[in-house]
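Here we start with a single chain on its own, the form predicted on its own, put down as structure tokens.
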Amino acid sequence: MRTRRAEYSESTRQALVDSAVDLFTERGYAGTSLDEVVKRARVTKGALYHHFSGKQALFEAAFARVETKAIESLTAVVTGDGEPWDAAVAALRAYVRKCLEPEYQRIIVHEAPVVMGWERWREAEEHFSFGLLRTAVQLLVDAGEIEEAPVEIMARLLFGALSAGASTIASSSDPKRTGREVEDAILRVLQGLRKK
């Protein structure tokens, strides 16, 4: 049984991360102050520093929250009932929809590479996203849907395409149209791998 203190501590941390996600989405990393975060979370700055070493650590927690939510919803699509090919196509569409969400665009695509640094961001993306993509590719190979090929290499190439697609969508003046174009292009690549 958790103590009241542990529950309060967790709710404080949650409020801080929720506030950070909202503010980083609205204003970006540079435009968000820790004073604004604690005010919105209705906690003290001491409470913030109890949970996080500073703004970057808070950003990484916000990043983890947004990525975890995205991966949970995509995992349900990839591993759900139905044929692996249909699941892969549905997951691609769900990913493109995710890329259209403001918090995903701002925190994951725009801000994270700058705030976390390219190498740390790629490591975090691999931690959250790559395993799911590798699983989807493995399911397609195992079901005989796509040509036999090294799963690791194929998953890495698709991972690069999906990452580039997310950046293209987030940087577009017409993200919805670009999202449809990215979805179509990646679907064509997948269809090219499909057994005839």
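All figures in this text were calculated on a predicted structure; none of them were measured in a lab. Throughout, we count residues from 1 along the sequence that is shown. Think of the rigid core as the biggest set of C-alphas that the two forms share within 1.5 Å after superposition.
The protein also exists as the form predicted in complex with a further copy of the same chain; that form is not presented, and the subsequent description refers to it.
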Worksheet item: In terms of non-hydrogen atoms within 4.5 angstroms, which of the given stretches 52-60, 66-74, 39-47, 158-166 touches a further copy of the same chain in the predicted bound form?
Response: 158-166
Fill in: Distance check, Gly144 to a further copy of the same chain in the predicted bound form, heavy atom within 4.5 Å
no
Worksheet item: Should Ala20 be counted as a contact of a further copy of the same chain in the predicted bound form, where contact means heavy atoms within 4.5 Å?
Response: no
Worksheet item: Does a further copy of the same chain come within 4.5 Å of any heavy atom of Leu140 in the predicted bound form?
Response: no
Worksheet item: Looking in the predicted bound form, any heavy atom of Asp81 within 4.5 Å of a further copy of the same chain?
Response: no
Worksheet item: Glu119, Arg122 and Ile153: each with a heavy atom within 4.5 Å of a further copy of the same chain in the predicted bound form?
Response: yes
Practice prompt. At a 4.5 angstroms cut-off on non-hydrogen atoms, which residues of 162-191 are near a further copy of the same chain in the predicted bound form? List them in order.
Written response: Ala164, Gly165, Ser167, Thr168, Ser171, Thr178, Glu181, Val182, Ala185, Ile186, Arg188, Val189
Discussion item. When the rigid core is used for the superposition, does Tyr29 move between the shown form and the other one (threshold: C-alpha shift of 2 Å or more)?
Written reply: no
Discussion item. Please determine whether the C-alpha atom of Phe59 is displaced by 2 Å or more between the shown form and the other one following superposition on the rigid core.
Written reply: no
Discussion item. Knowing the shift is 3 Å or more, I'd like to know if the C-alpha atoms of Thr168 and Glu125 are closer or farther apart in the predicted bound form than in the shown chain.
Written reply: farther
Practice prompt. Given a change of 3 Å or more, say if the Cα atoms of Lys176 and Gln105 sit closer or farther in the predicted bound form than in this form.
Written response: farther
